[in-house]
Structures are given as structure tokens and as C-alpha cells.
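The chain below stands alone and is given as C-alpha cells, in the form predicted alone.
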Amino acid sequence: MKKYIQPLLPVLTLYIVLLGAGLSIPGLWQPIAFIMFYVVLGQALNMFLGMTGYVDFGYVAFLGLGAYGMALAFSLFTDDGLGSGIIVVGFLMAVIFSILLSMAVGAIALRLRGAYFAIATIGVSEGFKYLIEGARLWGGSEGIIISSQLRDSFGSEMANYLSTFASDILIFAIGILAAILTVYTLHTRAGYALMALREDEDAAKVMGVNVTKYKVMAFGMSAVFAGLIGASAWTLKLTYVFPEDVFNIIYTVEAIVIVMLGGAGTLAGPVVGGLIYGILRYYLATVLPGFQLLVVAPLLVLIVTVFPDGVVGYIKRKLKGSRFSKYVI
């Protein structure tokens, strides 16, 4: 049991500190919620990119479908008297949509490797966006707005509470669940198989590892968490879904940067990477509005140059063999 709990302690401690600071310091909740979105987004992608080494440029499609799953639940079932159960239905739809897409894309794209896989997935998010807009599916380019359905289901006060606070708490919960699942996976046969696959896929095949099975498993897990993020951090918080916004490929690029910045394949890597990236994005946007990306980009290049294995990867290497190594995996 210690092998699961010990590496979780730094991550859970950090979450508790962030949550406590956000609740106790006036004006800090929204910045922390903003940063946590990037932390959890990095955690979700790390389940696939970090464990397999495959770069999925269509990753934002899962976030988008999760957002649509929650929005469709409110659009279709508001009048059915489900009460708070409608949120459960929304999360279920987000998970189902994400799994179905991961199976469809994975069945084809996961047969490819390297740049071929990246090219095959890069059109997924754009393809879905144009499908929704062109076929006028789920409201087409006008999207889905659920603010009135949210008020009808919960009342104005509770609807405001859901969009301004509860949706952010759900992001913390998703982050904790992602951390637990990641540390569990890393200590199971599946985790060892994925590490072998990441290091040398051909050698893993020769050793009898069913690489396709484990790639699909990691792809599906990562997709489900992206869907949950979309349902809570997008639909419940913003109360609308527009395809032009929710399928923006910039979220994929940011998630990749976060994972590589913190340390791909490590438990705390995306957490640290998300913290660094989220803090830079938020506070530089406040100090240098319109110029923050010009400052963020060279800072990230500098950090990645100094820590080529990521910040946590560097720390993990330095602590190897010490009594603290069990806390960093």
C-alpha cells in the first residue's frame, strides 16, 4: 500500500494547499481555478502521451465531446424531472462520447507510429468541428447554451453556485482521481507494459507485450478524463458550448507543453508543468495583456532547455537512490 500512497502525498498535499489558499484568500479562487484547469488537462494527456510516447494532436476533440455530452444532457432532459441527476447523466454522456471516439480513432490511428500517428490525429478535432458546423449537428455553429436550463433545473442561486464554484471543485476531484489512477497504473502489469512500449515498442512486442491492447487502454483512459474536464470546466462553468471555441487546437498544444515541461510519464510532472504554465499564462496576461505569449514562449524554451526530461524528471534523476525517491515516480 505504501508504494501507492507515498508518491501521491506530494500531489495531494499540493492540491490541499491550493484549495485552502483559494478558499481562504480573497480574490484568489479564480486564478487557482484557472491554473487547476491546466494542471488537470496535463494529467489527462499524460495518461497517454507520457505512458506511450505517442503525441495526439487531436486530443482536444475529447474535451469538446465531453463538453457537448453535458450540454446535450441539459438540452434533452431538463423537463424530465431528473433534478441533480441531470449532472450525472451529463457526465455519463461525456464519458460515453469520449470512449466511442477513442475506440473509433484508436482502431485506425494506433496502428501508426511517430509522425504518422500525429498527422493522422491532427485532423480529428478540426474534422469534428467542421462536421458539427456543416451538418448543423447539436446546434451547428450556434452551439448550445444551457444557462436557462441550468436555472430551470436548480434555480438561479444554485445555478450560479454550480457555474462559479462547484464546477471548479469538480476539477479538483477529477485531478485527484487522475492522480490515483495514474499511480495505480504505474505499479501494475499494464504500467510496466506501457513503460516498455514507450522505451522500445518493437522490443516490447518481441517480449510478448500486447502493445495494441495497452495503447488502446491508455488512449481510452486519457480520453475519458478529457471528456470529464470538458463537461465540468467548460459546460458547467461557462454554460455554453461553441464548436469554434471548444475544438480549438491550442488546448492540445498547451497540454503537450505542460506534460513535456513537467516530465512525461511521471506522476507529478503534469502537476508541476500545469502550475508553471498556468501561473505564467494568468499573471503575464494581467501584467502584459496582449504580449503574454511573447514572454511565455521563451521562458518555456529556457526551462525545457535546462530540464530536458522535465522539471520532475530532473528531480527524479537527482533523488535516485535516496530515501526521498519513493515520493517521486
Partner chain sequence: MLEAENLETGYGPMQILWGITIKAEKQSITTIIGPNGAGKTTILRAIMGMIQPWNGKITYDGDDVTMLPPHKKVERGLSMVLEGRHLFGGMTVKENLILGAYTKQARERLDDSLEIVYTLFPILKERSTQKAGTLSGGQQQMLAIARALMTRPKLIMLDEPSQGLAPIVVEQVMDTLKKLREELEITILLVEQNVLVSYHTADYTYIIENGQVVKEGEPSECIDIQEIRKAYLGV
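Residue numbers count along the first chain shown, from 1. Keep in mind it's a predicted model, so treat the numbers as computed, not measured.
Separately, the form predicted in complex with the partner chain exists; it is not shown, and the next lines address it.
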item	value
P10, I16 and A21 all contacting the partner chain in the predicted complex, non-hydrogen atom within 4.5 Å	no
Exercise: T78 in contact with the partner chain in the predicted complex, heavy atom 4.5 Å	no
L72 within 4.5 Å of the partner chain in the predicted complex, heavy atoms	no
K320 within 4.5 Å of the partner chain in the predicted complex, heavy atoms	yes
Residue contact check: I176 to the partner chain in the predicted complex, 4.5 Å heavy atom	no
In the predicted complex, residues of 185 to 201 near the partner chain [heavy atom within 4.5 Å]	R189, Y192, A193, M195, A196, E199, D200
